[in-house]
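Consider the single chain below, provided in structure tokens and representing the form predicted alone.
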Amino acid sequence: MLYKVLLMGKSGSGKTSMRSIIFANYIARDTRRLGATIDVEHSHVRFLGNLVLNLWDCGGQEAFMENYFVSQRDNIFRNVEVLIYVFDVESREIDKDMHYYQSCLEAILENSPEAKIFCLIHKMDLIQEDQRDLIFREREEDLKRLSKPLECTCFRTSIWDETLYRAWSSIVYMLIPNVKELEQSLNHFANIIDADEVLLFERATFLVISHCQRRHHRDVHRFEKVSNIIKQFKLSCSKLAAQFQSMEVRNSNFAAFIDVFTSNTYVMIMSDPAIPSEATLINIRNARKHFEKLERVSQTQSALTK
């Protein structure tokens, strides 16, 4: 299944950096050497085996932006599944940013009215911490008002923390064809093994694609933090010519297991430390067949709908 995803925003807003971190295994500090995108960069990103994102990273220089809305309008904005518009939170040209965003929306409404719209308020790390909530809420209100009659979902993001993973996990989640069935199976699995929490990560990006929570946890950002930490650890392993396979962390409060699950996913299980490691590992092994079957069914359904 192929989905066209537009990544747009003013030059220097951070589009290519975030794309490189999520899909090309860059770490944040390495994105400083990336140059500006010239015109449109096309890439096909395979996700969960059968889901392919046809990613159009559109350069944000003024000459390119004007061209997108005139001579390339139909080509750029036709058959779009998702528009991701990135705003530099410290931009000194907010009115111009909003003008270009509205031009995008007009072209989307004309060519792809069913597209999902996401706005990322980016580089939030540059804002004083006690001002971030207020500034984000103000920008979110403005964008939701400007987007009507279309609906937009807003996220605050930074390449230096877990917020980037939260935003992209939420975006990709909307595109997974059998996500409800996947969640039901994950809930059933968590109940059978009496887990506090079970998470599914996409294998290449380590974005969270599904989860089941059976015990309250205070940290609402824990999924994205785990994504960020484990992906960095995987990259460190690869630099040493080693391959990340699994991990177990155990103390007096919890036991956590991360292991390869299917050909396209990792699973993370949080449970009572009184449950023996061997029991959890056997349960993971026994559940693999069911979740691999779900993936095969999803791939077959995707092929039939093409």
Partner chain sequence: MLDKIEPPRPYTWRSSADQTTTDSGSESHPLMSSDASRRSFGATCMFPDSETSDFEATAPSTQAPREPTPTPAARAANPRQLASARRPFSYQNHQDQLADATYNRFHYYNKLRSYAPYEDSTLMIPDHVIPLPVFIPFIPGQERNTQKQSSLVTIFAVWNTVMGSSLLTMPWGIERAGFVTGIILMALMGGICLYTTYRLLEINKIHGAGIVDGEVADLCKLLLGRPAEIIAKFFSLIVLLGANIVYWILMTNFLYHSVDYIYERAAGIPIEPLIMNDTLSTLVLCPREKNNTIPENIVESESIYSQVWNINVTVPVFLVLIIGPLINFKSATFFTKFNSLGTLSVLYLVLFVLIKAISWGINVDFTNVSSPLYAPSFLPSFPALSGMLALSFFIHNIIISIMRNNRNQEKNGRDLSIAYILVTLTYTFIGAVFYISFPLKKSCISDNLLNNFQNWDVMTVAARMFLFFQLVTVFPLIAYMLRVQVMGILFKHSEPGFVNILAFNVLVVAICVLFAVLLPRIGTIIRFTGALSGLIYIFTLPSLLHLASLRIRGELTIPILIIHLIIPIFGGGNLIAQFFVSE
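What you are looking at is a predicted structure, and each value in this text was computed from that prediction instead of being measured. Positions refer to the first chain, counted from 1.
Omitted here: the form predicted in complex with the partner chain. The next part is about that form.
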* Does at least one non-hydrogen atom of Val208 fall within 4.5 angstroms of the partner chain in the predicted bound form? -> yes
* Answer with yes or no whether Ile21 is in contact with the partner chain in the predicted bound form, where contact means some heavy atom within 4.5 Å. => yes
* Asked: Is Ile159 a contact residue for the partner chain in the predicted bound form, using a 4.5 Å heavy atom cut-off?
  -> yes
* Asked: Does the 4.5 Å heavy atom contact test between Ser13 and the partner chain in the predicted bound form come out positive?
  -> no
* Structure fact -> Of the candidate stretches 223-231, 137-145, 72-80, 106-114, the one with residues having heavy atoms within 4.5 Å of the partner chain in the predicted bound form is 223-231
* Looking at the partner chain in the predicted bound form, is some heavy atom of each of Ser17, Ile27 and Phe254 within 4.5 Å of it? -> yes
* Asked: What is the one choice in Glu151, Glu93, Glu129, Glu181 with a heavy atom within 4.5 Å of the partner chain in the predicted bound form?
  -> Glu129
